[in-house]
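What follows is one chain in structure tokens, specifically the form predicted on its own.
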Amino acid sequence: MGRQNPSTLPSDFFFGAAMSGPQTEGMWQAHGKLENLWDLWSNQDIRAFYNRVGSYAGNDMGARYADDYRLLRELGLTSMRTSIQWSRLMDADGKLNPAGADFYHRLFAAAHEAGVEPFVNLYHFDMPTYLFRRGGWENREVVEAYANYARTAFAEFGQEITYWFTFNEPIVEPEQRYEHGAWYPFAHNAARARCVQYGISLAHALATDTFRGLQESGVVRADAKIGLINCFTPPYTRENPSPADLEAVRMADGIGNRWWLDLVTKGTLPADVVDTLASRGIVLPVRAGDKDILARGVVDWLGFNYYQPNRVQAPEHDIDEYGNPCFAQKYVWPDAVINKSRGWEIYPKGIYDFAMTMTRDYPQLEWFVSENGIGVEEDRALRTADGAIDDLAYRVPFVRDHLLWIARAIADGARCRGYHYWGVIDCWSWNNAYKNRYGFIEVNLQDNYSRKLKASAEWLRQVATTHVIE
């Protein structure tokens, strides 16, 4: 068998879109939806959101889903990942909300009718407020409530959905809410962050185990798959690293990457990371029986969100200003290319390096690129004569370069099965709202969320339909 052409993707390689319920649906109080943390923060301090566009916005997909799915299919995309909102599907007593369930039945039916396979994720940073007030992921009762929610979703949609995911980017809430203090409740406590991370890990394993049981009993279709999606960040350090630099890489990689990779392939957490955390005073809230729970967290495949690498070096201080132990600090690579709108490094080769790590260390696991994209601030200023946004100079090279590295990785043995671009249709992005636009399709907030193809859309259509990267 000949080596795969590194500028052509396999014929069975799928192209799709990545989105989420809270970032697209809108209708924040419709269909019996409860308040979630984004609603809470929006209501408490709308000034924290760019241009005061809060969680109510979405991109109106909750009303436009049938047209949006047809639009995606016209671009050659055959799948789309979204998420069920826990706060829309379930009521405050932990029971199915029929109006919310009916909404998702219609959403999924429209996707199938348009020829777009729905990939369904159960959690995208949007915990119901009432559960957060009970302790969130630090409370075992909330972990069990998530397992009950997952069971309800699997039972309700088990014959409609083939591809399920327990969590999107489970490393983000521990970091953003509890360690870096960037999101509500703005904590700076590394010990709490790791306890939250542990709670999410247990929740994932319980949901995965529930999925297996319901699939065995026939409630979930026999060909369905369960997975997890994380924003994996390939780790790098400076040239000629010191032992302390390499130790920084080990811990940064261990907390952000290996924690989840070991969980979904081995049903364990990396012992070296857990031991190092304990040596620095961060002890996980382990209970009897947890080892058996985590062992059930092995998945069928994995989603890999990739935006930027993680460049680290040895920390200058043992503890930070909040008293948290420091394991690593950022290393600024002199040759880094930065997306100035987002502040993130653009490094397409990172996707190849991760693929080779997977091939070497986790060869049994299939995976796909579940998010990748470039957000540019105020791209609306770049319009052609017909009014379309001219994003050819930045969006096409970004995606092309990443796809070329994916093709090379597949040629070198990577088990990468597809690619989902984040935000094919512009969408609301947390407290950044619409500051940075990711889409191949514009959403015009001043014209009732109307859609218009950007100049790059035709290029996407050509690649998605031919699998030739040009």
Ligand code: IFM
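Because the structure is predicted, anything quoted here is derived from the model rather than measured. Position 1 is the first residue in the sequence shown; the rest follow in order.
Another form, the form predicted together with this ligand, is not on view; read the next lines as being about it.
For the residues F440, Y419, Y69, W422, the 4.5 Å heavy atom test against this ligand in the model of the complex is passed only by W422. Taking a 4.5 Å heavy atom cutoff to this ligand in the model of the complex, the contact residue among F125, F108, Y163, F132 is F125. By the criterion of a heavy atom within 4.5 Å, D262 is excluded from the residues contacting this ligand in the model of the complex. Looking at S429, you'd find a heavy atom of it within 4.5 angstroms of this ligand in the model of the complex. When this ligand is considered in the model of the complex, R296 lies well away from it, no heavy atom lying within 4.5 Å. Contact between N168 and this ligand in the model of the complex is found at the 4.5 Å heavy atom cutoff. Exactly one of the stretches 216-224, 110-118, 340-348, 270-278 approaches this ligand in the model of the complex with heavy atoms within 4.5 Å, and it is 340-348.
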